[in-house]
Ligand SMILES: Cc1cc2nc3c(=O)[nH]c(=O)nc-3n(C[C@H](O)[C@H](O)[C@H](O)COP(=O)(O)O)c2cc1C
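Okay, so here's just one chain, in structure tokens, the form predicted on its own.
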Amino acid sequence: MIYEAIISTIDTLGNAHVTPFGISMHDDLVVISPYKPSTTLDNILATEHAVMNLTDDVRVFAGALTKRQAWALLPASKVTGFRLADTLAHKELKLVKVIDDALRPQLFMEVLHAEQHQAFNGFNRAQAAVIELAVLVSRLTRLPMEQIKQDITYHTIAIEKTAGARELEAWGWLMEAVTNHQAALNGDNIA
């Protein structure tokens, strides 16, 4: 099973990097499998730490992919790094094992510390639609444009029926990225 989370890491100079990731669990370890090349991969290998943030604010997913910072950070409690200031929960992780791969290595991370910050109030279908569009945006160069358009058409139904202000803002950011990508494929001038 894959869980969608926000992973925050730092480089050797202490600069934060925040990005969405699908993570899995294996024997109580968090498994992160970034594609190469990856800032997250480089940061975890260099510092051996990361923070997994669990949030229902889909603007963080969209903002990380579209270079819009929709979050504030606070220092982590037990590892050198940062967590989202406004998050439901976070887990501070330590690298314990690496299975290298030419495309997607697996990083096995032990949970050193976990904190619950807010209650989870349930799912909104529009949140799931934004997460799905975020996955598509993260793979714009890997997926055919026709498949992306079909998926967007399907997910637009949930946006139209159930989105609140946060979801609409995140959806707009991601749709702009799709539009810009399609324009670049078509050789259009992007202003």
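Since this is a predicted model, take the numbers as computed values, not measurements. Each residue number is its position in the shown sequence, starting from 1.
Although it is not shown, the form predicted in complex with the ligand is what the next lines describe.
The closest non-hydrogen atom of His17 lies within 4.5 Å of the ligand in the model of the complex. With a 4.5 Å cutoff on heavy atoms, Ser33 counts as touching the ligand in the model of the complex. Although the partner is absent here, His113 lies well away from the ligand in the model of the complex, with no heavy atom inside 4.5 Å.
Taking non-hydrogen atoms only, Val135 approaches the ligand to within 4.5 angstroms in the model of the complex.
Of the candidates Lys97, His117, Lys78, Arg104, Arg104 is the one whose heavy atoms come within 4.5 Å of the ligand in the model of the complex; the others do not. The contact residue chosen from Ile152, Leu140, Ile159, Ile131 relative to the ligand in the model of the complex is Ile131, the criterion being a non-hydrogen atom within 4.5 angstroms. Proximity to the ligand in the model of the complex, taken as heavy atoms within 4.5 Å, picks out 35-43 from the listed stretches 50-58, 161-169, 35-43, 143-151. Within 4.5 Å of the ligand in the model of the complex, a heavy atom is found for not a single one of Leu29, Glu92 and Phe108. For the stretch 157-187, the set of residues having any non-hydrogen atom within 4.5 angstroms of the ligand in the model of the complex is empty.
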